[in-house]
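Shown below, as structure tokens, is a lone chain in the form predicted alone; questions about how it binds or moves come after it.
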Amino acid sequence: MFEEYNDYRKTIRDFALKEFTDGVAAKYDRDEEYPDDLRKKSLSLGIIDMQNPAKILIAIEELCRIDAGLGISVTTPYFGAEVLMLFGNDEQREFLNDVYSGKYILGLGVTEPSGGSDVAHIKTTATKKGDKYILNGSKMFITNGAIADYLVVLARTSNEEKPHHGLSTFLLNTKLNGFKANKLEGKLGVRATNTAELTFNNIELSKDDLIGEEGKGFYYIMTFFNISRIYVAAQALGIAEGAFDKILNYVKSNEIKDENTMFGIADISTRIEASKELTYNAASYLFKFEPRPQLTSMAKAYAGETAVYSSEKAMEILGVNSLNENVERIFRNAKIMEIWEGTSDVEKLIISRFILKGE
């Protein structure tokens, strides 16, 4: 699938092999430091093409195949851009040029301490006073939270009978008074990414900071998740392929031919192929502006589980050698694939609901 991008895929892979060496990846993982130098290098070389979603998917897969911590870090400075692109006004869309050029880092603030999956019941509020909104509340586990220049934030603007009807999205300048970010450390995996807890204390937002229509924020974020879950599936696919690369290299180098190892290779290869078909098929509908959420959720859930399965098998097959081959880092990076942008259980609920509706 997407064979017309084979040259681009090779460019991405060559970049990752050159820049994401084991030493570099281990350093950023150990120090839990955001690799801003690699972000700037990827920009200067035109590695990430935010104008072409198919290229984004391929870049994410190939970068994560070498190292997910670094790969996700250099592809998330634009996190939340689709909300502005699809629903923002002309000025907000124009602002995206500065994000794509690397002048600003963007982030998305949805998840809250009280729960990540129940978006409709968030507690952060944006109370309208005259021509301003006063933002109060908190967010948790926010990617780019402590390094973002701007954030797309979901907040409650009214109390409705159906709670998801009272949510709105805003573009928040993190330099505003009342904003605080606390970087989270000690994560299991993807430690090179920046993750933070955010607090909003009486932040004044103007009416121009509102994205789209008031009360439509829940739908904007759900639309965004239909896009971002494809990219998470690509992250997971890359991780699974990277784990499989380690297995094949180890097995071939040591001429291992026992039956259990052969079964493992067959199982992993099959799951990766199925994950790839699901991911690229779901993406083909999305990129034609005909998203099928059930396919997107299938891809995200299955690819996430495949990433975990493949990395577990890599640890088993390589044994103590997995520590020297950095397979343990791949294993740690894999687990988040079953959690963020909707847990596997949430994805399965979405799938079942669409099936029962006959879609």
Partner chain sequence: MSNLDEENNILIDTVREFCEKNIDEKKIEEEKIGKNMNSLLASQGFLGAKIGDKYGGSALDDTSYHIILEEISKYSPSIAMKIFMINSLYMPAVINTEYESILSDVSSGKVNVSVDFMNDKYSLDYNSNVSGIIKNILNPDSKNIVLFDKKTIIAESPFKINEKDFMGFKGLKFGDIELDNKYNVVDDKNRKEDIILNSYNDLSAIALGIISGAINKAMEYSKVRTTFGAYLKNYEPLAFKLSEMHSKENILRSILYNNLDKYYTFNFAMDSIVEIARFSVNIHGGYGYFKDFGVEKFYRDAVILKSIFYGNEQLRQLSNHVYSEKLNFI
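Residue numbers count along the first chain shown, from 1. No experiment lies behind these values; they were computed from the predicted model shown.
Only in words, not in the display: the form predicted in complex with the partner chain, which the text now covers.
Of the heavy atoms in residue 263, some are within 4.5 Å of the partner chain in the predicted bound form. The closest non-hydrogen atom of residue 43 lies beyond 4.5 Å of the partner chain in the predicted bound form. Although the partner is absent from this view, residue 147 stays clear of the partner chain in the predicted bound form, with no non-hydrogen atom inside 4.5 angstroms. Contact annotation for residue 87: none of its heavy atoms lies within 4.5 Å of the partner chain in the predicted bound form. Of the residues 195, 75, 125, 228, just one reaches the partner chain in the predicted bound form with a heavy atom at 4.5 Å or closer; this is 195. Every residue in the set 141, 258 and 323 has a non-hydrogen atom no more than 4.5 Å from the partner chain in the predicted bound form. Only one listed stretch (77-85, 228-236, 184-192, 200-208) carries heavy atoms within 4.5 Å of the partner chain in the predicted bound form, and that stretch is 184-192. Residues 308, 312, 315, 316, 319, 320, 321, 322, 323, 324, 325, 328, 331, 332, 333 are the members of 298-334 with a non-hydrogen atom no more than 4.5 angstroms from the partner chain in the predicted bound form.
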